[in-house]
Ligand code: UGA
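Take a look at this one chain, the form predicted on its own, written out in structure tokens.
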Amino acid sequence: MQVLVTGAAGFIGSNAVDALLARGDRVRGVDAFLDYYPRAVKERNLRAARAHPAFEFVEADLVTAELAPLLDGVDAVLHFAAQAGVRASWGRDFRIYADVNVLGTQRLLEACTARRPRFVYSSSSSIYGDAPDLPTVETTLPRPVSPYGVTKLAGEHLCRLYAQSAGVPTVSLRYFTVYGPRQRPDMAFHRFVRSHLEGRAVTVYDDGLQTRDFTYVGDAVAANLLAIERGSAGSVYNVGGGSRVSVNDVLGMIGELTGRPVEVRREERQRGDVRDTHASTELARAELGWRPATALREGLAAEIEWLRGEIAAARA
């Protein structure tokens, strides 16, 4: 297939690009290199892809660019491009989230109405907020507790709208706390591991008893590839790691994997943080044939090894 990957230089997007190229697809990657974290990090994410003959890269902003040329010859779209981050979405910066996550998604969907490629949208467990039931099923009433979650939910509604009104076969995937190699610098595992490897205390918000359903990036990518082939138009699927683990348990695991205990500095709970998440993935298992394949300890070891390499390269 010819696949358009938006946010191709980002965390999940770049891993998806590599997976598509590895299975023999042609990939057109697009990224605006927003300044949420350094461009140099994203350029490293694309290093292998840029050397591949089946990869084409376009630097463009979905909010302002002419999108029809990006979709020329495209059979499927994996839409990862977004302004990320729960905590940064409050206040004046919300304009960026509204533009990138809502307007950018709407413009891309509108451009897809002419060709109607398979369209997989990257949503988030943030749309649920503090869900009343765990594990959480897709029919749970969304009640986001952050502006970021509101914009990701708006993107889902747009996908469903374009599936129903324009025949664009959209699928939305709600990721639960994705981690692994190339994870963004602002995300918890990256911050925890980097601080620990560099000999600094790890900052933990709240008491560390909050739990998350951690999902390895390779499993998130696999869900995207299956969604292209098998996803039901207009549907939404949870993508979770299959277990609910506390932050304190993760810190203990990092200590075990690195051979020394993690020093912790605690701060107050942050606005927009939820207490617990846990995905019901029965629907994805039944309709996509997807299930998480990477245990937390194995995936965390892979992220630690990747970050060791990043730190060593920066010091060289």
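Residues carry their position along the shown sequence, with the first being 1. Predicted model, so just to flag it, every value in this text is computed and none were measured.
Heads up, the form predicted together with the ligand isn't pictured, but that's what we're talking about next.
This chain appears without its partner; in the model of the complex, the one residue of 87, 230, 95, 200 with a heavy atom within 4.5 Å of the ligand is 87. Exactly one listed residue, out of 140, 235, 106, 210, brings a non-hydrogen atom to within 4.5 Å of the ligand in the model of the complex: 210.
Contact annotation for residue 126: at least one heavy atom lies within 4.5 Å of the ligand in the model of the complex. When contacts are judged by a 4.5 Å heavy atom cut-off, residue 186 counts as touching the ligand in the model of the complex. Taking the partner from the other structure, the ligand in the model of the complex has a heavy atom within 4.5 Å of a heavy atom of residue 148. Proximity of residue 263 to the ligand in the model of the complex falls outside the 4.5 Å heavy atom cutoff.
The stretch in contact with the ligand in the model of the complex, judged by heavy atoms within 4.5 Å, is 189 to 197, chosen from 69 to 77, 159 to 167, 219 to 227, 189 to 197. Looking at 27 to 49, no residue comes within 4.5 Å of the ligand in the model of the complex, counting any heavy atom.
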